[in-house]
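Consider the single chain below, provided in structure tokens and representing the form predicted on its own.
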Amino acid sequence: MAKYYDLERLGYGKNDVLLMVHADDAGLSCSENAATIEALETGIVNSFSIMVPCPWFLDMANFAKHHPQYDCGIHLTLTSEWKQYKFGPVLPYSEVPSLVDKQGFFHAKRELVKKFAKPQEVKKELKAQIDRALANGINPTHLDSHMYTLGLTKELLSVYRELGHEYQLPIFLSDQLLSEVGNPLSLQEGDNIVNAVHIGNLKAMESIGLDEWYTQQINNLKAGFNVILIHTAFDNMEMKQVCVDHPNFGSQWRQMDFDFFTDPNTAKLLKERNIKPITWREIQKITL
């Protein structure tokens, strides 16, 4: 069956606590890009991934091309969840009709992707996204899935695996995330999974605050490959309009992510706990 990555092959000990702080959604907006770049350059974010279909993709692609030292993945995208800010496929929507709504935008909810998306059209569109990233000078370190949509069904997960194999890139797999999207039994032999994934939640944000929640998570990290998934952006006018009526992963949330993971006290906490950074570029060495 699926197994955890053999990190001892990279020189780590079996009791080492390894952490990737990964920023999703680069390319979504100017605000998202600016905050992600600053978090990479001044904070402890050590991995990010780009949404190719979004309007600000080229800006972030240019950064990735000229800063290859940073871990950069392709955030394979099949949904457009915002109320008034929409985007659609890289391909003409006539070529992938099962992936779009009546206006030609990606479906707003994962459930609609699960209901309507045809796997062959999913693969066609996602190959186009990867190819566009490559054509713009990105040297990706991995593939991951926006809203973990590629984990919804065994068929979509098969497309995910096929893309990783065809492009010789590790894919972000998590039994935890598969369970959260309602597909817990679809892993198979040969799959490599991370040990644990940590994502903030709206209840914590509104009660103890994300700073305290992240601090608790860091203090309780276990040995192995841990991922904290964040979404860095500035709480400015642009991002407020993108996230209108969407407090979950909204503009305020994204500012909190930026603030916490660029705070020197957070870096100090990791050092005190002897938590070691790990990247997909390292993982490539034991998977390819």
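The first residue of the shown sequence is 1; numbering continues from there. Fair warning: this is a prediction, and the values are worked out from it, not measured in the lab.
Note that the form predicted together with a further copy of the same chain isn't included here; everything after this is about it.
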Task: Position in contact with a further copy of the same chain when the complex is considered in the predicted bound form, options 195, 217, 192, 136, heavy atoms within 4.5 Å - done: 136
Task: Partner-facing stretch of 150-158, 112-120, 174-182, 80-88, counted where any non-hydrogen atom is within 4.5 angstroms of a further copy of the same chain in the predicted bound form - done: 80-88
Task: Non-hydrogen atom within 4.5 angstroms of a further copy of the same chain in the predicted bound form for each of 30, 55 and 58 - done: yes
Task: Contact of residue 223 with a further copy of the same chain in the predicted bound form (heavy atom, 4.5 Å) - done: no
Task: Non-hydrogen atom contact residue 127 with a further copy of the same chain in the predicted bound form at 4.5 angstroms - done: no
Open item on the list: Using a 4.5 angstroms cut-off on non-hydrogen atoms, would residue 259 count as touching a further copy of the same chain in the predicted bound form?
Closed with: no
Open item on the list: At 4.5 Å between heavy atoms, is residue 168 in contact with a further copy of the same chain in the predicted bound form?
Closed with: no
- [ ] Pull the contact list for 219-247: residues with a heavy atom within 4.5 Å of a further copy of the same chain in the predicted bound form, in sequence order.
- [x] 234, 236, 237, 238, 241, 242
